[in-house]
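The chain that follows stands alone, in the form predicted alone, written as structure tokens.
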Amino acid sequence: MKLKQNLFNQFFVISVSAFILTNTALAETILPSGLEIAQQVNARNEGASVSRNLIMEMVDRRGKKRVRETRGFRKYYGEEKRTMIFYLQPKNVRKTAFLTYDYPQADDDQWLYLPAMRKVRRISSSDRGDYFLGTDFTYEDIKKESKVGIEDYHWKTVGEEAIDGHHSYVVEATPINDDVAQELGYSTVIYHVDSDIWMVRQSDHWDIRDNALKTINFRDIRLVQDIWSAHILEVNNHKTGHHTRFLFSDIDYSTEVTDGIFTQQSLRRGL
């Protein structure tokens, strides 16, 4: 009887251990890797081109609000992406314009036209972590839109959670080296990626000293001409108390954007 009990106990321990190991391994294989998730985000259909209106709202810690009205365009040339933003209102920023060429295998080209100076300023790659014209988005954030910089980070899946009621993968991105961290201004970014539509719904950013810096939320995500599109982007800067809100409207993927929009001549000429 004692022998049977010992054999049963050994069998029970082995069975439980096997169950734990099997389910642990299964759990580890269910979640895609961080790199796979990042690649899915960047593979998501954004249309060959798009035009849209964008209102930028910037609110400081005292509640003072500034509003900018803009018109934006984006077009893909194979894997290269070109983006143009024209400022329309108010009068003191009207005719300001920003142009970027996002290359897949080379440093990007970015230019900013400031009408008060009547000159085009080139934005170097070392400036991509600077804040974009009074917003809480950096030049890099503006350039990437809803994509992620795969080549800039090491990627790791760290869990799952619901964001705004949608199942999301939680992915940790850490810069590949100190130089990239300095350029971007981030030591860590945590992306919350919707597992159904492969869109980032939230990203949490830490500065290079590992202090909580800002949180970006992508809201009002809905289909426009069969393409998932965020209509509201909100940024809360945890260090300054500053807040930025982008509101997109009149999003149009079906009307082709002409090549002449994406030139330095167009920067100076305006919309």
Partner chain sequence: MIFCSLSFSAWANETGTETIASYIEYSAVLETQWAYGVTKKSNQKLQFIYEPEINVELPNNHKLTVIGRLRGDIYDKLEPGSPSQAEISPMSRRGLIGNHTDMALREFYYEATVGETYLTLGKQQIVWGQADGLKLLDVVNPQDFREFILDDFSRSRIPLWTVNTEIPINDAMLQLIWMPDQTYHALPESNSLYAFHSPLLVPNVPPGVNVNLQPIDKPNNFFADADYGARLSQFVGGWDVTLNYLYHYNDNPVLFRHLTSGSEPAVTITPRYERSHLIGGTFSNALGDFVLRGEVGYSTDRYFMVKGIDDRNGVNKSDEFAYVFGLDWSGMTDTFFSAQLFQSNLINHHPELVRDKVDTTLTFLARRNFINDTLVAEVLLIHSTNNSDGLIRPKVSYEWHDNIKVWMGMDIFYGNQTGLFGQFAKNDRLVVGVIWGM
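The model shown is predicted, which means the values in this text are computed figures rather than measured ones. Residue numbers count along the first chain shown, from 1.
If you look for the form predicted in complex with its partner chain, you will not find it shown, but the lines that follow are about it.
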**OP:** Using heavy atoms only and a 4.5 Å cut-off, decide whether all three of Met199, Arg222 and Glu256 touch its partner chain in the model of the complex.
**Re:** no
**OP:** Only one of Glu145, Asp109, Asp152, Glu172 comes within 4.5 Å of its partner chain in the model of the complex by heavy atoms, so just point that one out.
**Re:** Asp109
Original post:
Among Val180, Ile190, Ile163, Leu133, which has at least one heavy atom within 4.5 Å of its partner chain in the model of the complex?
Top reply: Leu133
**OP:** Please run the contact check for Pro90 against its partner chain in the model of the complex: heavy atoms, 4.5 angstroms, yes or no?
**Re:** yes
Original post:
Is Val67 a contact residue for its partner chain in the model of the complex, using a 4.5 Å heavy atom cut-off?
Top reply: yes
Original post:
Does Arg94 reach its partner chain in the model of the complex if we count a contact as any heavy atom within 4.5 Å?
Top reply: yes
Subject >> Interface membership of Ile176, its partner chain in the model of the complex, 4.5 Å heavy atom rule >> reply: no
Subject >> Candidate stretches 164-172, 70-78, 99-107, 191-199 - the one whose heavy atoms come within 4.5 Å of its partner chain in the model of the complex >> reply: 99-107
**OP:** May I ask you to list the residues of 253-271 that have any heavy atom within 4.5 angstroms of its partner chain in the model of the complex, in sequence order?
**Re:** Gln264, Gln265, Arg268, Arg269, Gly270, Leu271
